[in-house]
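Quick setup: one chain, the form predicted alone, written in structure tokens, and binding and motion questions come after.
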């Protein structure tokens, strides 16, 4: 896979960040992985605000992996704001969460997520999930956003 497109991981658990980084490496997903730890930082990153103002004119990431349980601003609200803005309306957002609650699944799709993936319990399953996410969203999927399609 090419390493030109950025993946934004929105995850507050350092162990899950490390696991995701290692799983992507092992799965051969070589795209740069940018990490933010809460919902406010995710929106600031995407919209080039605050400490991420240097990103104002940078391209959007090709994929957002969004946890639901986040400090300061939860994943559902982050997703709602992403979909409400014309600049990010079509940005691929995959919910990557440990939640198995039906209400989280329904709410995520109601707010426009592209996919809902429950974090696998085993490392090998997580590696396979990372590989499939990378192949599908970064190589096969076509996006209406410039520079985002696979």
Partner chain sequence: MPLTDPLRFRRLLLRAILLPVGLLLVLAGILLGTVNGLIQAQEKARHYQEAITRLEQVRQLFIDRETGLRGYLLTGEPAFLEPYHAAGQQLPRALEELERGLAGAPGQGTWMEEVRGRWREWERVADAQLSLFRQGGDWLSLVRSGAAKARMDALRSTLDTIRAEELRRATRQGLEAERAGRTVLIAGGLWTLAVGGLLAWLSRRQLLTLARGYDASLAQVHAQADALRASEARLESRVAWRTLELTAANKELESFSYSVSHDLRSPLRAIDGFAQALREDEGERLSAEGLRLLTRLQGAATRMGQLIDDLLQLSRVTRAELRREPVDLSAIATSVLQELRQRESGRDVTCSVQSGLSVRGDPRLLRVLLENLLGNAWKFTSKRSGAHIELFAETADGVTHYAVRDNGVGFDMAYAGKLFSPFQRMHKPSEFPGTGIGLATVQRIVHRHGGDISAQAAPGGGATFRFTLQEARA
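As the structure is a prediction and not an experimental result, all values here were calculated from the model. Residue numbers count along the first chain shown, from 1.
We do not show the form predicted in complex with the partner chain, though everything after this point is about it.
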Of 65, 60, 113, 68, the only residue with a heavy atom within 4.5 Å of the partner chain in the predicted complex is 68
I'd like to know if residue 103 sits close to the partner chain in the predicted complex, meaning any non-hydrogen atom pair within 4.5 angstroms. yes
Can you tell me if residue 123 lies within 4.5 angstroms of the partner chain in the predicted complex, counting non-hydrogen atoms only? yes
At 4.5 Å between heavy atoms, is residue 83 in contact with the partner chain in the predicted complex? no
Does any heavy atom of residue 18 come within 4.5 Å of a heavy atom of the partner chain in the predicted complex? yes
Those residues of 22-36 which, in the predicted complex, come within 4.5 Å of the partner chain by heavy atom: 22, 26
